[in-house]
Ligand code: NAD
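Quick setup: one chain, the form predicted on its own, written in structure tokens, and binding and motion questions come after.
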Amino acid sequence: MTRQVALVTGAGRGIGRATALALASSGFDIGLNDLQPDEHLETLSAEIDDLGQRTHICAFDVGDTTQHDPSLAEIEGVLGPLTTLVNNAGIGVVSRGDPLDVQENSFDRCMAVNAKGPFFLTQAFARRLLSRSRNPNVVYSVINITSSNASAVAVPRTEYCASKAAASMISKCFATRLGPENVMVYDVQPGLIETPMTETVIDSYQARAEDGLCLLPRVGQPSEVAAVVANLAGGCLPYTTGHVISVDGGMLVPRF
């Protein structure tokens, strides 16, 4: 029997943490990644152990492509062959403001972590996956956590929007390449979600949601995004790939 093994990047907090727990609750062993090995990952690892699943903490910077292959090898050496990659790690802008004032370092930082990192980590994962025999009864997948800002403009965070739009197209490209190999690729686009990244603006998000920005008049929770990811990774949406799954309370539904 092939065990399902997932790598979740940016697993220490927020959507990544919730996703790791949701996958573990569905029977996955989990490679836990974040930038540094800290108490957040240690606590999460203990929680997953209590669920009866195995974990391995592997801290690395997803924007540093030289760390990808060694990190995947390290995780597989402990947990066994990976079946699932969740590209969740992401960062915001250095400072919100006029796109005419955006500095090159903020643009490069967003692109490195939000687009370049998922591209080359998916490449490394796919090469390993395709180099070995696979169980036809196991779901193999890449799930990219992008953003509603892949299509919806947020002027004060222009470089973030650009990086997420790139990540969204990367998802489609890999879905097209890996479809013939029966590897599913999805683009999960969270909307207004209450996470550490949004804590400074969450009150305004809630007010805007209640005022009609979202069809559901509230902000979402990391656990709700995680439930969608776990269902995709578990094959609960069969005969699908390349799709955008908006977890945004209906925010992007066109209205007049």
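Residue numbers run from 1 along the displayed sequence. Please read these numbers as outputs of a predicted model, since none were measured by experiment.
Omitted from view is the form predicted together with this ligand, to which the following refers.
Undergrad: Check whether Leu213 has any heavy atom within 4.5 Å of a heavy atom of this ligand in the predicted complex, and answer yes or no.
TA: No, Leu213 is distant from the partner.
Undergrad: Any of the heavy atoms of Ser147 lying within 4.5 Å of this ligand in the predicted complex?
TA: Heavy-atom contact with this ligand at 4.5 Å: present for Ser147.
Undergrad: Look up in the predicted complex whether Tyr160 has a non-hydrogen atom within 4.5 angstroms of this ligand, and give yes or no.
TA: Within the cut-off, so yes.
Undergrad: Though only this chain appears here, would Glu224 touch this ligand in the predicted complex if you measure heavy atom gaps against 4.5 Å?
TA: No, Glu224 stays farther than 4.5 Å from this ligand in the predicted complex.
Undergrad: Checking a candidate spot here: are Phe60, Leu192 and Pro196 all in contact with this ligand in the predicted complex (at least one heavy atom each within 4.5 Å)?
TA: Every listed residue reaches this ligand in the predicted complex, so yes.
Undergrad: Just to be sure I understand the contacts: of Cys110, Leu72, Ile170, Ala89, which is the one whose heavy atoms reach within 4.5 angstroms of this ligand in the predicted complex?
TA: Partner contact (heavy atom, 4.5 Å) among the options: Ala89.
Undergrad: Quick one: find which of 22 to 30, 43 to 51, 227 to 235, 62 to 70 has residues within 4.5 Å of this ligand in the predicted complex by heavy atom distance.
TA: Contact criterion met by 62 to 70 only.
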